[in-house]
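We've got the same protein chain twice here, in two forms, each standing alone as structure tokens: structure 1 and structure 2.
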Structure 1
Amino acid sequence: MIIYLLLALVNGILIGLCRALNGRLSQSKGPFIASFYNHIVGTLILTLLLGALITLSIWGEFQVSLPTSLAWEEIPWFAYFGGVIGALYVAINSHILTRIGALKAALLVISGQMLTSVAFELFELSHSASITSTLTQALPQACGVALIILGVYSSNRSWHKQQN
């Protein structure tokens, strides 16, 4: 259990490291070039990894789904847009990182992410037959939204105080 705890924590640190490196590159080369290198290096690493796993799988050493066994025709067109959004997201994140600092960048990106995922959930709820997402779920989530808005508001205020 403790090893998984550490792994999950390290994962967050890696996310921070990824953004910090892109932010530094963006300082010298601009946010879109930073986004490009982030994605091309990631593509190379994942190609090597997938290649290695597929080779091991063919030798029978390891079990991994081969590209031919996947249901490619069932994938809706919009599912491919994650990469398009990703290119923009990395550019924005790289642009702001060194301008507002690493902690503030992390906190505000988390805030935007959380508020949006609550909005997605509300949208899905309003389109589902059972409106029985109970009060025990809705109430803590509403508190969460309120806390985040409070945090974002005060970070905007403290930003202005530091500038003046």
Structure 2
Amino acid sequence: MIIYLLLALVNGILIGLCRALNGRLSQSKGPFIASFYNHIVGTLILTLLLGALITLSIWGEFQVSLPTSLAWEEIPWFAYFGGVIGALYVAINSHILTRIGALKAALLVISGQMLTSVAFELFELSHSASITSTLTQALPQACGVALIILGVYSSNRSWHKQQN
């Protein structure tokens, strides 16, 4: 279990680094070109990595589970929109990072992720648990998101007052 917690932490560090790098690229090239470069380079690296893993799998050095079929009908059509959302995320984040700063951008992005998670939890729990159990589990999470957003809003107001 600890390995998954560490991987999640490393993933968060990589996302923070990615935001900073894309924000810098966005300053020079614009948010959509930065997003384009980000995804082209990512596609090339993942293609090379997948090729290396398949090669190691063929030699018996590594186990890669490849799909047995490429049947498109097995996957719901909306599942493919993750890539579109990911591309928009990178472009929007590259654009806002240079305008509101890394900390506020990160806090608001995380708040949006938490709100989405709370909504999914509520939806899932509403089908399997009582309403009391659902609210008991979701209320602290929603309060945490509200506090983060309130803190960002408050710091933004005090910063504007100091500037005037």
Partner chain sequence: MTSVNLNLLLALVGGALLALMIKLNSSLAALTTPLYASWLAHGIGASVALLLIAVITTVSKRDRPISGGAAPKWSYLGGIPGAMVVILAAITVNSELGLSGTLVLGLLGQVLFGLLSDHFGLFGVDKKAISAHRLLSIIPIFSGASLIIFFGRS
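All residue numbers here refer to structure 1's sequence, counted from 1. Nothing here was measured: the structure is a model prediction, and the numbers come from that model. Rigid core (definition): largest C-alpha set, two forms, superposition within 1.5 Å.
Selected structure - criterion: the form predicted alone: Answer to the question: structure 2 is the form predicted alone, whereas structure 1 comes from elsewhere.
C-alpha of residue 18 moved at least 2 Å between structure 1 and structure 2 on rigid core: Superposed on the core, residue 18 moves its C-alpha less than 2 Å between structure 1 and structure 2.
Core-aligned Cα shift of residue 148 between structure 1 and structure 2, given in Å: Spelling it out: core superposed, C-alpha of residue 148 shifted, distance 3.7 Å.
Rigid-core-superposed Cα shift at residue 7 between structure 1 and structure 2, Å: Displacement of the alpha carbon, after core fit: 4.7 Å.
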